[in-house]
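Listed next as structure tokens is one chain, alone, in the form predicted on its own.
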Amino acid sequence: MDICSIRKDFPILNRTVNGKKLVYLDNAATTQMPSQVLYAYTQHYSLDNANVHRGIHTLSEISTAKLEDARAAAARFIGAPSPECIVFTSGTTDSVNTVVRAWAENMARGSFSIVATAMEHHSNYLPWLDLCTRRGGNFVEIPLSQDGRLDTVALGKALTPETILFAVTYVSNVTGAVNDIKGLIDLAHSRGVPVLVDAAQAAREFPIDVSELGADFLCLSAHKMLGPSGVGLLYVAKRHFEELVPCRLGGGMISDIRNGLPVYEQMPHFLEAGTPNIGGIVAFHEAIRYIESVSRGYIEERETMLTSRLREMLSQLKDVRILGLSDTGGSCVSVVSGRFHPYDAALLLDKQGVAVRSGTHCAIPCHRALGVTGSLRFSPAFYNTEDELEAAVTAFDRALSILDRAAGGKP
């Protein structure tokens, strides 16, 4: 693939910030959208805008076909056995909360526990903590090693007959550590425990086949894989369909009302009450097309190379600690140091046109497990270049010198 041609598809990469050419390295939070995705979004609202599953006029039928085509494409993208396993949501957060309301609350009876890891994003941590708090369950957090790896021995002990779910991220959004999802699912299933996978950080870079993995639930967001915000999906394995209950009530999720009681639609529609983000779903479909046209093999190879190069350059800076010890993995590198506060460093980088993330990245337990209160995160995507990485690290080094001088140290 020609990286110059790829970059031409992303118009925002040509803009300037504070008089400097933009170097966008906050892709773990949100990726940029190619022109093809932007075009699909505007064309839908310019030419085909109508509600779905509601009418028989031409525009409604076109919109409905587009949405269901996107569902079928999403099913193929993650290896789901059929489109009925795909529920459209507003993102990973909404997907996890849907599992809480539509499945877990019905399963949380008597004495129960839910197991999650210390590397979870808050989206896959807080809903389970809240459920245990409300229902009197035991919330078990699996610790991390000092290099950010999951303690599988502790996990094995935590999976008991009372455990109703194991919630785990595919890729850490702090260290970039990639979990052995297939191995973790197999371990949980050997104890009779269903597994929910947060694939938000993995879906752009790594091939996912839910059928091969054996996942019970899987969640992801379009805005982390070249699509718009406000769109995501929830995969539900067919074996759990009969355990689901409606979690929202409204239009489109019933077929009739008989004797004063609703007759619910089949999956996935009875979990999709109300009008969905149709234009966003159409754009999400185009994002899937774009990723497939570039190929996830190319994306994984390039992002692995860029991340490895970034780690190498950052490791050469004085008194800068990289969180986690993995040389490969997900495309994010978080750093800490006594020389800077993450917010100060991010602000000085922004003044030089470099966009990075500072703070806890919605992963307080992970930072706490690694003995820090926050970090500065650099997260490249396949459309970034090595020149951009060098520019970012040079800008970071310059920011460190400024902060050293401000603190009374040597320039």
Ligand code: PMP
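Just so it is clear, the structure is predicted and the values come from calculations on it, not from any experiment. Numbering starts at 1 and follows the sequence shown.
From this point on, the text means the form predicted together with the ligand, which you will not see here.
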Pick from Ser123, Ser113, Thr98, Thr307: which has a non-hydrogen atom within 4.5 Å of the ligand in the predicted bound form?
Ser123
Among the candidate residues Leu213, Ile299, Cys85, Val171, which is the single one with a non-hydrogen atom no more than 4.5 Å from the ligand in the predicted bound form?
Val171
Against the ligand in the predicted bound form, would Asp198 count as a contact residue? Criterion: heavy atoms within 4.5 Å.
yes
If you check in the predicted bound form, is Gly329 within 4.5 Å of the ligand, heavy atoms only?
no
Can you check whether Pro194 is within 4.5 Å of the ligand in the predicted bound form, heavy atom basis?
no
Is Ser221 close to the ligand in the predicted bound form, meaning a heavy atom pair under 4.5 Å apart or at it?
yes
If contact means a heavy atom within 4.5 Å, which one of 285-293, 138-146, 221-229, 335-343 is the stretch that engages the ligand in the predicted bound form?
221-229
Heavy atom within 4.5 Å of the ligand in the predicted bound form: which residues of 88-110 qualify?
Gly91, Thr92, Thr93
